[in-house]
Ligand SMILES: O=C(O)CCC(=O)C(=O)O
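Given as structure tokens, the chain that follows is alone and in the form predicted alone.
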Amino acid sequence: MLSQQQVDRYRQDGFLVLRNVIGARQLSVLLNELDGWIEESRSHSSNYGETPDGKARFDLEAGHSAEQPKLRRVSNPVDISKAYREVLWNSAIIDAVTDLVGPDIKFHHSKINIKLPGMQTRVDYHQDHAFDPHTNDDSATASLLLDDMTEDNGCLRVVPGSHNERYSHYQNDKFTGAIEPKLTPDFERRSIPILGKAGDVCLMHSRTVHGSPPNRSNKPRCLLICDYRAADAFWLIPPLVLSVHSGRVIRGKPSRVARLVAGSIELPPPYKEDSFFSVQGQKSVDEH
């Protein structure tokens, strides 16, 4: 699916943007289900819906109410939706991932990050690998734009070439899920905004530094995110966003051999919070 030039660009920059990957019909189905979950959240006053490790599936921002729902994350929609499984496992997204990672691909986890108008949710600069260390780095995270993404509504920002850099996600011996704040100005200077239309996809290496500001517009910004790994990449700790399908081979064949890359890897603790937003210090409706 990808040209050699696109593959080379991904290797160099640590990310690649593809246009119009998912069509309007499939997008409509995904958005209809998401609208239903947002509507359902109005009847809840705390995080709800259980995942395999006991964390809540639906994570609510502080200030959530029936009048102004603030659903900020749905963890592993593939566990509860055939439509989301179909898009993430059988569409052109996985075709592109195999061009980058290899013919044998495992599903690791997925989530929908939601920024509705009036919400304060942001994403502090971090690397995904800090949350999900594996025996090797052959990976791709696909972020499917469910809405048009602009600088006003809190678009993803990525730091080109940062997949070759290593950063701690601890501060004062506490795992914060973010790189130390003093580096934020440098990341802001180096980062570029990922702008696009609904149906576009950003493919990103698990070590690429990225973040995003809050939504300052009157339009939603919803992003469907899926982590894929090479079949011979094995996790060093259980997934922190655990799915009933984590580790499932969705393309090619499984591997009984774990391929290891030399080096040292910082391990995160098994945090109890329902989502990494709380780990980064952003309160949920359950925290006061």
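From 1 onward, residues are counted along the sequence shown. Bear in mind that the values here come from a model prediction, so they are computed numbers and not experimental data.
Although not depicted, the form predicted together with the named molecule is the subject of the following passage.
Among residues of the shown chain, Ala56 is not one whose heavy atoms approach the named molecule to within 4.5 Å in the model of the complex. Taking non-hydrogen atoms only, Leu223 approaches the named molecule to within 4.5 angstroms in the model of the complex. Although the partner is absent here, Lys111 lies within 4.5 Å of the named molecule in the model of the complex, judged by heavy atoms.
Although the partner is absent here, Ser191 lies well away from the named molecule in the model of the complex, with no heavy atom inside 4.5 Å. Although the partner is absent from the chain shown here, Lys115, Asp128 and Phe276 each have a heavy atom within 4.5 Å of the named molecule in the model of the complex. Taking Val123, Val101, Cys202, Ile179 one by one, only a single residue has any non-hydrogen atom within 4.5 Å of the named molecule in the model of the complex, and it is Val123. The contact with the named molecule in the model of the complex, taken as any heavy atom within 4.5 Å, belongs to Ser212 out of Ser212, Asn215, Ser162, Asn76.
Stretch-level contact analysis of 79-87, 204-212, 179-187, 165-173 against the named molecule in the model of the complex, using heavy atoms and a 4.5 Å limit, identifies 204-212. Residues of 232-254 placing a heavy atom within 4.5 Å of the named molecule in the model of the complex: none.
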